[in-house]
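The chain that follows stands alone, in the form predicted on its own, written as structure tokens.
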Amino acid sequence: MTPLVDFVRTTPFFVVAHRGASGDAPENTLAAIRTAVDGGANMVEIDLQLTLDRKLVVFHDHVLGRTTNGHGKIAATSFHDVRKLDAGSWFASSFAGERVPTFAEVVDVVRNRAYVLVELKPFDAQATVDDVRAVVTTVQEFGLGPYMAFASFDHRTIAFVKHLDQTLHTVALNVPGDLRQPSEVCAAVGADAYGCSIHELSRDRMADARRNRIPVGVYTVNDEASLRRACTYGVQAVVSNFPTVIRDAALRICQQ
């Protein structure tokens, strides 16, 4: 598989599956990841959490109740107990029994098939320095570094990733209300790419990114109107809950 840096350099446009194909299957589950990869997503975005016994799992919230039949904080729950939870029924009865996957299980599904984008939580809220260090260490052990990137709204987090390993790729997600240009944001924390919402796109931002050769991705693109806007501005990547539909539409819309 081509390293991510080479893929980005040679690929004018690609689709990132948001928490897997989270519009078609329960987010951050193996069902969602497989649906995304089987549907041709180039990259899969996931979230990571550590359980009470420091097991790295793929899960978005710091509490269990929204997407499982459990309750309480995931950081206060053992992996054994997290693994018993139903992470699929909330989405549809056909996904009953879907479990919270480990990071290792997700890597097994995507390896050599798609790149990985890990969104890191802000420091002092859901993540600590030790948490980020544990994630980076696991990525290094898996040999996943050349095929993935870290993204965060907390730019201290991605700066810390670079401190731990300069070879890892990072994406600075624009903090709502921050009016700085992509080059300013990326330079401040040594980020390799810039991300913002589809609504934050502007011609000035894109012109700045092009001048400074900064890849730009936008979230969340779930319909053709948003896709047309993204393509008109010339972004390189879009994040979508429906990656297969958006990828197929992009073949029509973005190549016109």
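Throughout, we count residues from 1 along the sequence that is shown. Model, not experiment: these values are computed from the prediction.
Keep in mind that the form predicted together with SN-glycerol-3-phosphate is not shown, yet the notes after this line are about it.
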item: Partner-proximal stretch of 204 to 212, 184 to 192, 226 to 234, 43 to 51 relative to SN-glycerol-3-phosphate in the predicted complex, 4.5 angstroms, heavy atom; value: 43 to 51
item: F79, W90, F153, F142 - the one with a heavy atom within 4.5 Å of SN-glycerol-3-phosphate in the predicted complex; value: F153
item: Contact label in the predicted complex: L85 to SN-glycerol-3-phosphate, heavy atom within 4.5 Å; value: no
item: Contact flag, H60 vs SN-glycerol-3-phosphate in the predicted complex, heavy atom cut 4.5 Å; value: yes
item: Touches SN-glycerol-3-phosphate in the predicted complex: L173 (any heavy atom, 4.5 Å); value: yes
item: is_contact(D131, SN-glycerol-3-phosphate) in the predicted complex, heavy atom dist at most 4.5 Å; value: no
item: Residues of stretch 1 to 35 in contact with SN-glycerol-3-phosphate in the predicted complex (4.5 Å, non-hydrogen atom); value: H18, R19
